[in-house]
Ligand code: NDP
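Just the one chain here, the form predicted alone, laid out as structure tokens.
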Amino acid sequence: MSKHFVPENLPDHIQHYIDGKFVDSIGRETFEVLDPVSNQTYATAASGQTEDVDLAVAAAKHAFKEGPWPKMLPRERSRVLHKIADIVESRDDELAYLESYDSGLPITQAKGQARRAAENFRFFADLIVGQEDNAFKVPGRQINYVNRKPIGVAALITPWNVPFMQESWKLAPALATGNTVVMKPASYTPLSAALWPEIFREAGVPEGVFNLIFGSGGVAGDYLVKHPDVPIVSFTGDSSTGATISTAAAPQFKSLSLELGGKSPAVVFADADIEAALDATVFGVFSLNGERCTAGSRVLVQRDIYDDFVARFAERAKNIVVGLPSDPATEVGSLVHPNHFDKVMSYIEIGKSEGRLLAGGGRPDGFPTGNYVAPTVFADVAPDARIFQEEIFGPVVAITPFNTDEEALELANNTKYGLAAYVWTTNLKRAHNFAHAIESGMVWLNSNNVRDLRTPFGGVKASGLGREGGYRSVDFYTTQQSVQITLNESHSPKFGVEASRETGDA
């Protein structure tokens, strides 16, 4: 086994970034940050309280009201975003190793996330320059056009899985459209988020436009959502927290985008390309350590091929390379935190009474410590089982048979979630009709999760509210003002004219 890699220049303390300065919490509150391989504390981080959030929001509000950022031409902001992308790309290896160390993500997968983060900034840098809005003419009478404006201070609350890339999904469109930002990353993984301030400073983002607050969701996150000077909130995380945020934001009618949990089905019909379906379904649930909202964690397989498919799936799972996150050979690394490890292990114990255990089921051999879970496969799982219904967010899959298209659709829709779905069949008519009938925000046909940045991202039911991605992000981070111009007489009814003449007041 290779030696656990510790990145160079690892900080022992991580600070907030407010109005262009690195600062501690006013009350000096901190929390510990753990290395997920050893569960040892490697750093402390400033823990934001309400007064720290107040400072960050005030800085962002001042930068929005008085600073140059919202008033800059789209081309000027675009140049800054391209510089951000250049810097991220130039630090690809450093970012990847920090991300891998902080989250337990295998290094080969972490490198891909850093490149995607850069691409997110390039995409929105180009989009805002080429953006066009509607104009409507009533010939000889009126022209109506849409004036799109940034909204103000955007609260961006981000998750701990692939954190740097997910932060870029929100930061790029929020900044591209001229808003200012207060970002609160997940407390489990603050390390890569702490790199943004220097990246933005080097790229020329004005002070106060980007502000960073670390701390708990229950204190810093909750107060940020409720803050009266924050009109827009984007959150990615679990559904229960999303419901709390929705309730907190409602009284102030904030713009809200919630990308929440999932229990996504991967439906494999008997006529599918079985090798391709195996590749995709195994990757879909075990990549990123299974800690992904769009994981195909329920695999539904037609009875004709069920026994063979399940046997081959389980054999693949047994052969997955579990190892140190920094080892290029590793396919599944360490889960992010001991609390999450305990949650996933508790679901595995539940699963042992709900399905037929074919692979995994506990710690992998050779890893007596750390947050390691062996890739785990349960077959013959009933649709009312907890491991079929509830999001586990780890390397655990439930496989269930079906006979007919109708039964497959019923099983696919039989959860409170509706984020993603995957369908494997060579029947084109079935593929499209089945996709349209699935209750999910996104469907991939004969494909694993390949994201096109132009498309809307989000779910239905308990998987979220609203959409981001492409022009949907521009819609979310801007307000659309309708402006009407009269070209001829206004044709206003002349109220009160006759009465004025009768009284001599005309």
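For clarity, every value in this text was computed on a predicted model and none was experimentally measured. The first residue of the sequence shown is number 1, and the count goes up from there.
Another form, the form predicted in complex with this ligand, is not on view; read the next lines as being about it.
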Residue within 4.5 Å of this ligand in the predicted bound form by heavy atom, from Asn144, Ser90, Asn433, Thr244, is Thr244
Assert contact residue (this ligand, in the predicted bound form, non-hydrogen atom within 4.5 Å, options Gly284, Pro265, Pro325, Gly215) equals Gly215
Is this ligand in the predicted bound form close enough to Thr236, Leu260 and Cys293 that every residue in that trio has a heavy atom within 4.5 angstroms of it?
yes
(request) May I ask you to state whether Thr177 is within 4.5 Å of this ligand in the predicted bound form, using heavy atom distances? (result) no
- Query: Counting only non-hydrogen atoms and a 4.5 angstroms cut-off, does Tyr101 reach this ligand in the predicted bound form?
  - Reply: no
- Close approach of Thr330 to this ligand in the predicted bound form, 4.5 Å, heavy atom: no
### Message
Is it the case that Trp160, even though its partner is missing from this view, gets within 4.5 Å of this ligand in the predicted bound form, heavy atoms only?
### Response
yes
For this ligand in the predicted bound form, the stretch among 179 to 187, 347 to 355, 272 to 280, 378 to 386 with residues bearing a heavy atom within 4.5 Å is 179 to 187
Contacts from 330 to 350 to this ligand in the predicted bound form (any heavy atom within 4.5 Å), listed N to C, are none
